[in-house]
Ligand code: UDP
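So this first bit is one chain, no partners, the form predicted on its own, shown in structure tokens.
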């Protein structure tokens, strides 16, 4: 097995040098974190599921003209992606009051918002990823005005598309977090969607029961986390057969041997 050059390791993914210039390999881990890394754990098979869900969504978004970093899937846990310069912002789109939004504004969780609300957070774990106003983003040159305009426009388009996509499989898109990057090609630079879209970064509720089908099950110790992730993948039709169960069995055996 060839050694790969690591580029970056985050809470849920690793990036390695890609096989071609301007590419990276994005590896999805089973590690789970919450509350700015204060809570840590493992969700068996999560990396496989998130890889498949994110691939599916990225491809669908490309079909409607949203530029993304996704190139192709390499295996059950890895994607080949374009190398980008990440804009240091987490872009949160909210349709329904939930989580910290409900706490900050005293709004009952589950209350429908009058229209999608976009919040920007500075990507800085040491500072706790603080919410920042667009004026601050521009003042500190984390993004240029035209870039922020592109990001906002794409975020709303993505929200419209994902809301319909999930609605079609009986899931309510409550909110989600996305990231963008600068893709350099020759003398041009383009803002494109990066990172991932999965139950790790979306709040997804079953329309009929209101059951949470995302990482909130891990955050709030609700149990059946793996089952919820698998159910989202199943409804989207991206997880044929029992490959995740088989992958989980292999992981469990490997970890048992390592004890």
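Positions refer to the first chain, counted from 1. Values in this document were obtained by computation on a predicted structure and should not be read as measured data.
Just so it is clear, the following notes concern the form predicted together with this ligand, a form of the same protein that is not shown.
Taking the partner from elsewhere, every residue among 129, 175 and 200 has a non-hydrogen atom within 4.5 angstroms of this ligand in the predicted bound form. Under a 4.5 angstroms non-hydrogen atom cutoff, this ligand in the predicted bound form lacks residue 60 among its neighbouring residues.
Interface residue remark: residue 40 is not counted as part of the site for this ligand in the predicted bound form, having no heavy atom within 4.5 Å. This ligand is not shown here, and in the predicted bound form it never comes within 4.5 Å of any heavy atom of residue 141. In the predicted bound form, at least one heavy atom of residue 100 sits within 4.5 Å of a heavy atom of this ligand. Contact with this ligand in the predicted bound form, defined as any heavy atom within 4.5 Å, is confined among 158 to 166, 73 to 81, 141 to 149, 176 to 184 to 176 to 184.
The partner is absent here, but in the predicted bound form a heavy atom of 219, alone among 234, 224, 219, 29, sits within 4.5 Å of this ligand. A heavy atom within 4.5 Å of this ligand in the predicted bound form is found for exactly one of 154, 87, 137, 92: 92.
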